[in-house]
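Next up is one chain by itself, shown in structure tokens, the form predicted alone.
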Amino acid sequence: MVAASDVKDDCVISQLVQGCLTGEVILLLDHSDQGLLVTCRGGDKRNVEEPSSESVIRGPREGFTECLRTNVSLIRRKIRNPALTFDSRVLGKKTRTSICVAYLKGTTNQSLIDNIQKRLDKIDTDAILESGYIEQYIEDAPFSIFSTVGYTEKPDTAAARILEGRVAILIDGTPFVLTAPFLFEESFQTTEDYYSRPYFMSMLRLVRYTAFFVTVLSPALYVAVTTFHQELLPTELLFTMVAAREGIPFPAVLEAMVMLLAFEILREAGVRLPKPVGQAMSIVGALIMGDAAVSAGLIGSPMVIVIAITAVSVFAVPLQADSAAILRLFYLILAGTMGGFGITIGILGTLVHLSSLKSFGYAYLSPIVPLQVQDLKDSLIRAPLWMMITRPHNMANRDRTRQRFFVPPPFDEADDSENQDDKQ
């Protein structure tokens, strides 16, 4: 008799080989064409730590690790419901990477589950080393700069999306869990929005939207105004900017491109170097390069300010950092050639493209396009939790209601006076 937590009998040779490759023990008996598969996986793994890419002030500090079993247990601790389902499979003919598809049975649309499983079954590749492989194989718009598959390192974020009717995909060997469908508005939402009071969090959400527009449009607007539309500036400000640009040998559009290129180089170097060295190099490099360029008369001081604001704003919306970098360059080229008219064309083209995108059958700009009034309470602003009665439109299957309408009771002066009398 084998004393173990998990023993599988009647295993054929192929199952035994696969189990041995994944760290399990096989027990073979003489004169028997079958064997036992004993689960006793071990090995070193990283402890549960706070994720560096999604830091919060208020909320859980735990994050996913590279161990699939640990990640499954972290989600199970958040959703203690028998309807939480994990469908396991193996992808990668050579890596044999374990994958779990997590969803809430009875809440998530069965069509969404079947769609994701169908796309996963079509993957035929040698290796799956990270969740980015899966993302690129199953996304709806592979030629778009906008991602239609979300990812997170936080178990509470993954659990919240599963409770809304979404599907999470856990991959062994990476702390990033994929979630689908993924909407554009989710890039501006954080789990901390729901842990604090709604009024300040709504203001912060509007700040994130503003930061995205600032980081995308600031260099283009500066170039368009200084090159084509000087009449839009107040006279005193125009004289100040002309004086600052006096002697600059490059046009404004080339000046902006050089500064943006320098910023991207500094950011990439800061990420790749060891953290203490990278932070010091980024700060010192930016200060020295900016001051030296202005002193040498190669770059105007207004351009340094614009690029600095652009660089800081991008970190407010990290999920759209990649698309923001491409859009920034796209709008800058249009502004340098056609001014404000070119920026307008670029914005309209971007909106048309976003409106045409879908994420596993769901409109990417939902609930704005198409308009879903009942879902606007958690889009540009965050309404109080007692107003969020239903799950997002068409996201859940039959279980759309997640709570009853409940208004917190007002302060009762009579009860308060009785409490004071009791104390006396």
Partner chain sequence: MNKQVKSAGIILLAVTQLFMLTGCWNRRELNTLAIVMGIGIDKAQAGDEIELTTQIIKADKLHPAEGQAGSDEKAYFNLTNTGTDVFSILRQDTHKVSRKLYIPYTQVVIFGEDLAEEGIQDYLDIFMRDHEARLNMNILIAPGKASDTLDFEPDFGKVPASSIAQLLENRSATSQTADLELVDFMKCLTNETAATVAPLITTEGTGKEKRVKVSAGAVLKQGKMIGKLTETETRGLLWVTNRIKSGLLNVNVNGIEATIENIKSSTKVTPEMKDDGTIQMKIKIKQSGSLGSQKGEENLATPEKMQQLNQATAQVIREEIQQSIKKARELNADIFKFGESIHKKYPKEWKALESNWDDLFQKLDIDLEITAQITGVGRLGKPTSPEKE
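Numbering follows the first chain given and starts at 1. Worth saying up front: this structure is predicted, and the values here are computed from it rather than measured.
Separately, the form predicted in complex with its partner chain exists; it is not shown, and the next lines address it.
Using a 4.5 Å heavy atom cutoff, none of Thr85, Ser111 and Gln117 lies near its partner chain in the model of the complex.
Stretch 330 to 338 is the contacting one of 152 to 160, 330 to 338, 165 to 173, 77 to 85, since its residues have non-hydrogen atoms within 4.5 Å of its partner chain in the model of the complex. Proximity to its partner chain in the model of the complex, taken as a non-hydrogen atom within 4.5 angstroms, holds for one residue of Ala316, Leu238, Leu298, Val101, which is Leu238. Screening Leu233, Leu204, Ile343, Val72 for any heavy atom within 4.5 Å of its partner chain in the model of the complex leaves a single hit, Leu233.
Contact check for Thr350: every heavy atom lies farther than 4.5 Å from its partner chain in the model of the complex. Mapping the unseen interface onto this chain, Thr227 counts among the residues with a heavy atom inside 4.5 Å of its partner chain in the model of the complex.
Using a 4.5 angstroms limit between non-hydrogen atoms, Arg245 touches its partner chain in the model of the complex. Of the heavy atoms in Ala252, some are within 4.5 Å of its partner chain in the model of the complex.
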